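Coming up, as structure tokens: structure 1 and structure 2, two forms of one and the same protein chain.
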Structure 1
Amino acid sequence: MAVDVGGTETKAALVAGTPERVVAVEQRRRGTPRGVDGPSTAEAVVDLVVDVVDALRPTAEHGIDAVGVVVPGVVDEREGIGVYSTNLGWNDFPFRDLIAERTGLTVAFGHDVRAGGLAECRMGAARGLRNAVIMPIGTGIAGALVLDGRIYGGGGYAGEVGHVDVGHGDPCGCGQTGCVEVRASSGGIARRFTERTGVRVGGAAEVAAMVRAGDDDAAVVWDEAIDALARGIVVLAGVLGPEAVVLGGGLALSGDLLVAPLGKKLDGLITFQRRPELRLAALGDEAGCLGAALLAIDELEGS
């Protein structure tokens, strides 16, 4: 079983495969609980994981061997703890032990972005790369750092690309100012457009459609997002020297509307740094779930 807890939606799947390649046999999607007028969000997430395990057990022909669960925020994979989540509001919560206790199964617990990065490395757009950043752009922006062929977690704190200060000065919910994700996350793009025009939009996809249609306000907001992303990537290029940056998440669905201007902006900013190739993620929004399954297989095999 694999469960990918997102900021708004949780994906679950019954998955079969090997450490090199996995495939979802059956999938379920649920809204991520917000902990309003009930258990805390963390406790509600545990309830949800138990529910989907129970729902999918009867469909598993040979039973379920393990559960891989991945969540956003700061994650201590070694101890199985969700250290901190700004968007979902938990602190030092023992996810792995509680899920194992309630399901009776081996549980692998990890970070959603690093798990997605693992999947892209083994079976997606980052295969064959020794140094790369896999960067999904969604509710927030974080990166899975691949250093010398291995995913680097930094004790749970590495990869917070969205909270690099790129100098625009706008406040972020994390308490800093100037963060990449204030301008370049899907939510940030929608919010900036609404602030500029007074018109509410459902997300960055709507803004992208308006850019394609020639809307001047949408173009300004989009350019701000490209600038913030490019400046964040230049920091990564200077510090880590990745061969490629693999762009995922909902924003990557805009394709050349994202990649072409982002590449042009990078060309204007890069001086001595290795200019990373820009690639689009291959696994879409299944990457985190597939990565959670790989973590579970690794746990079973003692990797």
Structure 2
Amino acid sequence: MAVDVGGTETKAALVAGTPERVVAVEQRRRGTPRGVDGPSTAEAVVDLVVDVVDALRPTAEHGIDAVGVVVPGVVDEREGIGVYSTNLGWNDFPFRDLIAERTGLTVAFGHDVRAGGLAECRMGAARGLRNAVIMPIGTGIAGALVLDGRIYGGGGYAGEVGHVDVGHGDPCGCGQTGCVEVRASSGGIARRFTERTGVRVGGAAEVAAMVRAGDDDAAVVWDEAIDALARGIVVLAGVLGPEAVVLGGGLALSGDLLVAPLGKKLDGLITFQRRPELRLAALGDEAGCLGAALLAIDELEGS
């Protein structure tokens, strides 16, 4: 089984497969519960996991071998601990051991974005690559680093590619300035368009539609997003030398409107670094759940 605990929605699935490819046999979606504080939210999340495991157990013809659970925030995969989540409020919560105790199952515990990256690496857009960065671009910009064929977590602190300072000087909620995601996340693009024009938009997809329709303000905001993103990718190219950068999340749905100018910008900025190929994510918002399943299978296989 796989459970992907999101900031607002939790996806659960009964899955079948191998370490190379998993398929969701049966799915459930639930609202992510909120407690009155961080620890009670964490306990409510554990209750939810136990609940969906019980709900899906009868549908599992051959029983459930293990459950993979992924959460956002800072996650220590080795210790099975949710170190910190801004959104959900917990600190150093021992998810893995508690879920194992309550379900009686083998539990793999991981990070939503890194698990999604693992899925893109094993069965999606980064399949066959040894080194890649998978960047889901939504409200913010996260990164899963696939290095020498393995997901690298840095004790839970790696992959904050949205907070690379690319020099534009605008303040970020993280306390720094110039962060990539201030200009290049879906949230940032929508906010900047509104700041510039006074027109409220539902999201970056609307801005993209206006770019296609020839709107000048939308084009300026979009170009600035491309510039920030390209400069962030140049940093990744120099530090990590990935073969590809896989663009995911809501912004990737804009497809060629994103990839074509980004590739051109990269060509202009990169000098001696290896120019990473740009690819679009293949697994959509199922990546985290599929990755959780892969973590569970890996745990069973002892790797």
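From a predicted model like this one, the values you see are computed outputs, not experimental measurements. One-based numbering along structure 1's sequence throughout. Note that the rigid core is defined as the largest set of C-alphas that superpose within 1.5 Å between two forms.
Inset, instruction - Working through the pair one at a time, identify the form predicted together with another copy of the chain and give its number. - result: Answer to the question: structure 2 is the form predicted together with another copy of the chain, whereas structure 1 comes from elsewhere.
Inset, instruction - If you could, name the hinge position out of Met210, Asp267, Leu283, Gly250 for the rigid-part rotation between structure 1 and structure 2? - result: Per the C-alpha fit change, the hinge is Leu283.
Inset, instruction - Could you let me know the angle, in degrees, that the smaller of the two rigid parts turns against the larger between structure 1 and structure 2? - result: Relative rotation between structure 1 and structure 2 amounts to 13 degrees.
Inset, instruction - Once both forms sit on the same core, give the Cα displacement of Leu105 between structure 1 and structure 2 in angstrom. - result: A shift of 4.0 Å at the C-alpha.
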